[in-house]
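To begin, one chain is listed below as structure tokens, in the form predicted alone.
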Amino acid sequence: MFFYLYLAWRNIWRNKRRSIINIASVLFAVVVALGTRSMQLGTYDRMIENLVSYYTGYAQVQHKGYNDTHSLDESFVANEAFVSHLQGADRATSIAPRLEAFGLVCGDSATMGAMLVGIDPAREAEFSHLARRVKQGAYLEAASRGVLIAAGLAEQLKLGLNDTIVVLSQGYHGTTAAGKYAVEGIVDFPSPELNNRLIYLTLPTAQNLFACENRLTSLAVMVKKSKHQLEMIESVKSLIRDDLKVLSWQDLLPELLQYIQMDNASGVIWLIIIYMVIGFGILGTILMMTLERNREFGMLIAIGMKRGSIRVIVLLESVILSFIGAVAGAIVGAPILLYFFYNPIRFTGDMAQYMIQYGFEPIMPFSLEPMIFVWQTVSVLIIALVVAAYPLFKISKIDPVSALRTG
């Protein structure tokens, strides 16, 4: 095998220009594929992080009927002892008790629908780092009677600090929920969806508003790394009562999951197009190489070299060229992706407004997932093996006499 590798390597550099063009085409295509895939996966990670880290958590404990109705009638009783009990679940880093309901909120000149969320300020700060998102005013304290309002919603309602907001909703078992609260702080989220809909109250204030004493709609659970999600869910399931169930973020955000799956499919199609470009580039080089070396192959066969040995050498040439191009593409692409990972592209002006209107954060993040690099290299090598079928077939059909006569 070493002898075959030696011959293949020598043959590659007999025509340096041809080999360099082939390597350059593979390199360019790999860099484009890396950038495209990194951008796509980075966008997915950012979307998931924005919604999971700041709101849903990687899983939630709910009453079995709540996710279907989102009614306060499907809330459940949970005290501090129960919350602390769940804190012992494997891989669970923090747990945030919530009481959530939709309602109408009114400012001085506008009325909008919003999600009202009752929270334990201390646990929520540990869970979603909500206190860090406060851009005006102060974070809620345990005894607070006011609200935190998301910046986008505050702007639409034309509300500022210490302004009064009126809430009208439906409470537990159809009771009327109404109240007036002072705006104690304004929080700013990177996700437009969260920024235009959330209002936070302390848990006792929310329970009083909705007549839900000691009741919760969910317990959101966070893990340090997403790969620990399934392990955490199984552990939580073993700790909860029979009337409760555990839902993953995929269950809680089916629209986001469907969007990612659809967009990922389009990304795969784009990658296939790029791989086709790589394949045709390699095929062009292989065709030229085969035609130019037709006489050489005929002579080798005439002097007794086995066709199988020639096929192995030609196959190795294709694989070596593709491997060099793929590795060079990964080496060139790595610092580019590294730069954009720490300095994501931020959109401004009309483009930013356009993205916000459609519920996207105006930013283009990148991913450094190692498997991105692995898959590009493996894919290029597979393409090289497929394309190499042509010269292998051609070699099996060569007539030594004709090849020596016509070249």
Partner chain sequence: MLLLIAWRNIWRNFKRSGIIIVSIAFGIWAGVFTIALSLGMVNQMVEDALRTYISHIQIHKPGFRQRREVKLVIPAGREIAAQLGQAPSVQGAAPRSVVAGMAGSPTSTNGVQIIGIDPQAEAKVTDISERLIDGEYFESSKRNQAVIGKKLAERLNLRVGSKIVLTAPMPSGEIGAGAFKVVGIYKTSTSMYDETTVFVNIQEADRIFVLSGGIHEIAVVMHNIDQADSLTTALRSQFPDLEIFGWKDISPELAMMTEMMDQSLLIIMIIILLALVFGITNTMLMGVLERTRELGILMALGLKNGKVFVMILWETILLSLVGGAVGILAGIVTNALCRRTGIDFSLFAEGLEAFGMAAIVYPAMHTRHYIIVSVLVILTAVIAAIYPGIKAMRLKPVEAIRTY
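Numbering follows the first chain given and starts at 1. Keep in mind that what you see is a predicted model, and the values were worked out from it rather than measured.
Another form exists, predicted in complex with the partner chain; not displayed. Remarks below refer to it.
Chemist: Does the 4.5 Å heavy atom contact test between Ala154 and the partner chain in the predicted bound form come out positive?
Modeler: Flag for Ala154 set to no.
Chemist: Taking heavy atoms and a 4.5 Å cut-off, does Leu338 contact the partner chain in the predicted bound form?
Modeler: No.
Chemist: So in the predicted bound form, does any heavy atom of Trp375 sit within 4.5 Å of the partner chain?
Modeler: Answer no; every heavy atom of Trp375 is more than 4.5 Å from the partner chain in the predicted bound form.
Chemist: Quick check on Glu80: any heavy atom within 4.5 Å of the partner chain in the predicted bound form?
Modeler: Close contact is absent here: in the predicted bound form, Glu80 is far from the partner chain, nothing within 4.5 Å, heavy atoms only.
Chemist: Just one of 182-190, 70-78, 221-229, 121-129 has residues with a heavy atom within 4.5 Å of the partner chain in the predicted bound form, so point it out.
Modeler: In the other structure, the partner sits against 70-78.
Chemist: At 4.5 Å by heavy atoms, is each residue in Asn195, Ile199 and Leu392 next to the partner chain in the predicted bound form?
Modeler: The answer is no: none of the three residues contacts the partner (heavy atom, 4.5 Å cut-off).
Chemist: Could you check which residue among Ile240, Leu283, Ala89, Leu203 gets a heavy atom within 4.5 Å of the partner chain in the predicted bound form?
Modeler: Partner contact (heavy atom, 4.5 Å) among the options: Leu283.
Chemist: Go through Ile382, Val32, Leu368, Ile363 and name the one with a heavy atom inside 4.5 Å of the partner chain in the predicted bound form.
Modeler: Selected residue: Val32.
Chemist: Do any residues of 152-173 have a non-hydrogen atom within 4.5 angstroms of the partner chain in the predicted bound form? If so, which ones, in sequence order?
Modeler: The stretch touches the partner through Lys158, Leu168, Ser169, Gln170.
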